[in-house]
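Below, in C-alpha cells: the form predicted on its own, a single chain.
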C-alpha cells in the first residue's frame, strides 16, 4: 500500500525495524516479527515489523538507518514481504547446488536491502560450514559483496595486512604493523571488523585510543594525510553484506572458512587494496590448528587473489598460545602503546608485528627480500613508528599524548597464583579466550586477561600467572571458573621423576 508518512522510530535495534499500528498491519497483511518492504520510486528496503498502537494509522516509523535511506520520500509504500526473488537461489544453495554469478548478485543485493531475516541468513552461512563454496562461487560472492557497497579509491598503490584472527591477543598486532608501514611512506588505510568470536577485534582495540567510525571521504582524506589509519569497516558502507553476515556469525559463534575469505577480500577490494599480506596463525586452540590446514587456507586465499587481481603474500604464523601478554581491548591497547613508546616489548608480539610489516615493506620494494623484518624492527626501535602512531591517533580524534596508565581497566580483578614451583608448559588459547569474554570483553573494553608468565617461563609457587579484569563480580567468578576448570595455564614441576 502506498501513501504512508515516514517517521523516525527513536529506538536502537540490531537490524532495521518498522513500527505499524496494529489495525494498519492487519489491513495490509503484516504480522509482528514478520517482514515488510518499504520504499518509493522503485527502491524498496526490508524491515522487521513491530506493532505499536500509539503509531498513527497512516504512519510507518522506522529505525535510523532505514529512515536515512528513505528520508527523501514524501510518502512510502509498505507491503508484506514473504520470500524475495532471490530466495530460490538460497534454496538451491541449501540443497548443495552451485550458484551462478547472477544468483549471487541478486542474493547479496536482497540481503543488503534487508529482505532476509536472520534465520534465512544463518541458513546461508551454515550451508558453508557443511558445503564450502567452490572457487567460482567464492569469487562471485566476493564481487557481489563489493558491488553492493561503497568503493574508496586512492590515487596510488594501496597496501594492507590482515590476520584471520582466532588467537587471543592478536587484535593489537595491527597497532604496530600499520604505523611501521606508514612510517616508511606507504599508504595503508586499514579497515577492521569488531570481534566475532574473540575477546577483541582490531577496531575494538583501536577505539580505546581514538575514534574508528568515519565516512568514506573522511577515511580517504585522513589516510592521504597520515599514510595510515585503523578504522571500523562497518561504518563505511564497504561490502555492507559483510557486516550483516558478521552479526549473525557472532550469534552462532561460527566463522565459515569460505565466508571468512570473502569477508576479508571484499573489504580489501572496497578500499582499493592491491598489495596484501595475509596472516594465518595456526596451533592448538587457534582458528586453524594444523600446518596442513593453514597451507590449504593459504592456497584458497592465493587462488582468489589471482582471480581478483591482488598481489598477495601469506604468512603462516605460530598461534599455539596468546600473542603478547594481554587479551581484551584496553589491555591490548596498553600493551601496544607501551611497545611503541619503548621500541620493544613481548617477543611474540614484536616478532610477529615486525615480520608482517616486513613482508609489506618487501612487497613495496622498500626493503630487499629477506630484509623487511630488520627494516620494520628499526622503525619500531627508532621511535619512527610511535611518532607515526601519534599522528594517526590525533587524526582520528584521539589524544596523541595518552599514556598506558591513562587507559581504564575494569574495576573487578583477581590474580591467579602458581600452584607449585616449575615451568609454564602450556596456555590454552580456547580457555583464555572464553574466560576473557566471560569477564566482559569486548563489550566492556576494560575487561580481559593479563598474562604474567608465558610458555617456558620458570615460576615459583605463589608467583602470579595471570590477572583477570572483569566488569562485575559475577563475571569475575565465571571467568575464574573457566580458567580453573579448563586448567588454562599448566605449570609442570621441574623434577619429573627420581630414580631409584
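Residue numbers count along the first chain shown, from 1. Just so you know, these numbers come straight off a predicted model, no measurement behind them. C-alpha atoms forming the largest set that superposes within 1.5 Å between two forms make up the rigid core.
Beyond the structure shown, there is the form predicted together with another copy of the chain, which is absent from this document and is the topic of what follows.
**Student:** Name the residue from 315, 297, 126, 113 that puts a heavy atom within 4.5 Å of another copy of the chain in the predicted complex.
**Tutor:** By the 4.5 Å heavy-atom cutoff, the listed residue in contact is 126.
**Student:** Check each of 89, 367, 248, 73 and return the one that places a heavy atom within 4.5 angstroms of another copy of the chain in the predicted complex.
**Tutor:** Residue within 4.5 Å of the partner: 248.
**Student:** Does another copy of the chain come within 4.5 Å of a heavy atom in each of 10, 14 and 17 in the predicted complex?
**Tutor:** So, yes: the whole triplet contacts another copy of the chain.
**Student:** Can any non-hydrogen atom of residue 401 be found within 4.5 angstroms of another copy of the chain in the predicted complex?
**Tutor:** Flag for residue 401 set to no.
**Student:** Residue 421: heavy atom within 4.5 Å of another copy of the chain in the predicted complex?
**Tutor:** Answer no; every heavy atom of residue 421 is more than 4.5 Å from another copy of the chain in the predicted complex.
**Student:** When the contact criterion is heavy atoms within 4.5 Å, does residue 456 count as touching another copy of the chain in the predicted complex?
**Tutor:** Looking in the predicted complex, residue contacts with another copy of the chain do not include residue 456, since no heavy atom lies within 4.5 Å.
**Student:** If we define contact as a non-hydrogen atom of the residue within 4.5 angstroms of the partner, is residue 302 a contact of another copy of the chain in the predicted complex?
**Tutor:** No.
**Student:** Only one of 461 to 469, 28 to 36, 447 to 455, 65 to 73 gets a heavy atom within 4.5 Å of another copy of the chain in the predicted complex; which is it?
**Tutor:** Going by heavy atoms within 4.5 Å, the stretch is 28 to 36.
**Student:** Considering only 52 to 81, what residues come within 4.5 Å of another copy of the chain in the predicted complex, judged by heavy atoms?
**Tutor:** Contacts from 52 to 81: 52, 53.
**Student:** Superposing on the rigid core, is the CA of residue 485 displaced by 2 Å or more between the shown form and the other one?
**Tutor:** No, the C-alpha position differs by under 2 Å between the shown form and the other one.
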